[in-house]
Each structure stands twice: as structure tokens, then as C-alpha cells.
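Next up: just one chain, as C-alpha cells, the form predicted alone.
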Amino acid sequence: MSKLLAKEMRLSASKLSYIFIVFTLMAFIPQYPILVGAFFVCFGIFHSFQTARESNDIVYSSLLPIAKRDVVRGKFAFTLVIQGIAFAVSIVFVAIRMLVAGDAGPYGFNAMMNANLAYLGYMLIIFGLFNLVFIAGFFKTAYKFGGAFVIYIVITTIVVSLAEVLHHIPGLEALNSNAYGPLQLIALIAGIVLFAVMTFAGLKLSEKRFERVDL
């Protein structure tokens, strides 16, 4: 698997998959729906799937002495690496926002989402949705991906909107606090669980679908 991951990262990946990690810097933008940054990270990964299709990478990978499910796992491994890097960087940015810049004017009265533990949980949900909705949709044919990505965009837009609304509901204001709170921890744990469940489900569904694809 390590060799297959190296092949994905060096040969198959679009440079945009790496460049778009920079969108995690949106965590520092006040009065802005910063969860859009998580979408752009996935949009960068989307470009690698587009590159793979245009270069017949799926066919090439299937011709290697590996099982078809390993082709799927290679794509998931690459996706998880990019998402993992983006999430790790975001943890650093959230720590800076909460511990250093939390009381700064633009953040102290931020009507939009603040970068905190709840934000990290929401980010994981958006990543998990990409793994379940888009990647599993892609491997339905291993060629067509436009429809799956449109569905992902719609669902992600709903999630971002709900996340921005939740902290305005009476009793849930702590979700948008610049300081640590138990509600934020609950949101983070929920995000971790949902990410794990959606990613595992997406992997198994992708493997099942790709086994039926006649290349």
C-alpha cells in the first residue's frame, strides 16, 4: 500500500490537491463562512480524480499486479493524507485563533463562525461527506464524476449553512465562542465519529461498486 500511495502522490495527483490546502487559512477571515475552506481542500482532491480520469490512471492502476480493491484503497489513502494534512494545519490555526487572537476586535464580535473545536468537527463532517458522496459516486463508473460532485456541493452547502445557523439558536451560543466549551467538544467528537463512519462506508461502497465496473 505504501508503494501505491507513493504512486498516487507522485504520479496521479494534481498539484492543486496540495496547493488548495492553503485554503485552511480561511480560518483567520472574520465575518466569513470559514467552513468553505474545507470544501476547497476537497475541491483540490477532486482535481486529482479528474487528472486520473483524463490520464487513464484507473485503467493503468488496474493493470498492475494488485486487486481492484487496492486501486480504491490507493485513492482513499491519498485523499486521507491530504485531508489529514489540512486538518493538522487547521488545528494549529484554531489554537492561534483561540489562544492568541480570540479577543481581537474582528473575532470578538464575529457574527459568522469562529475557528474553534466545533469548527474542526464540522470540517471533519465535510471531509467525510466527500469520501462517501463523491468518491463512492466516482467509483460507480470509475469515469463519470460530475453528478457526484454536484450532489456533494449541494450537501456541503446545506451543512455549512446549518453550522452557521446553529450558534445563533438560544442555548447553543457557546458553539461560536472563542474559548473552549463542552458543546464545542461534543461537536468535535461528533465530527470525528461521523468522519470515521462515512469514510469507512465510502470505502466499502467504492470497493463494491468498482468490482462491478468493466474496464
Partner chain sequence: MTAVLEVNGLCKAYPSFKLDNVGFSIEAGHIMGFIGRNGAGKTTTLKCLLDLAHPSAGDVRFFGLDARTNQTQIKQRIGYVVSTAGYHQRKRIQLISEVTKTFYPTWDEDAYRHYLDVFGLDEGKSPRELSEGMKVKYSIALALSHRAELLILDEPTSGLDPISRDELLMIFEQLAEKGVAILFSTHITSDLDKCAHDVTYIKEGKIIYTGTREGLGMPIEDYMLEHERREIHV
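Positions refer to the first chain, counted from 1. Since this is a predicted model, take the numbers as computed values, not measurements.
One more form of this protein, predicted together with its partner chain, exists but is not displayed; see below.
J.: Using a 4.5 Å heavy atom cut-off, state whether residue 167 contacts its partner chain in the predicted complex.
T.: Judged by the heavy-atom cut-off of 4.5 Å, residue 167 is well away from its partner chain in the predicted complex.
J.: Answer for residue 67 alone: is it within 4.5 Å of its partner chain in the predicted complex, judged on heavy atom distances?
T.: The answer is yes: residue 67 has a heavy atom within 4.5 Å of its partner chain.
J.: With the cut-off set at 4.5 Å between non-hydrogen atoms, does residue 28 touch its partner chain in the predicted complex?
T.: Result no; residue 28 lies far from its partner chain in the predicted complex.
J.: Is there a heavy atom of residue 185 no more than 4.5 Å from a heavy atom of its partner chain in the predicted complex?
T.: Residue-level check for residue 185: no, no contact with its partner chain.
J.: By the heavy atom within 4.5 Å rule, which residue out of 63, 158, 150, 172 makes contact with its partner chain in the predicted complex?
T.: The option sitting close enough to the partner is 63.
J.: In the predicted complex, which of the stretches 33-41, 54-62, 172-180, 142-150 has residues with heavy atoms within 4.5 Å of its partner chain?
T.: Comparing against its partner chain in the predicted complex, the contact stretch is 54-62.
J.: Heavy atoms within 4.5 Å of its partner chain in the predicted complex is the criterion; list the residues of 27-46 that meet it.
T.: The stretch 27-46, when checked against its partner chain in the predicted complex, contributes no residue at the 4.5 Å heavy-atom cut-off.
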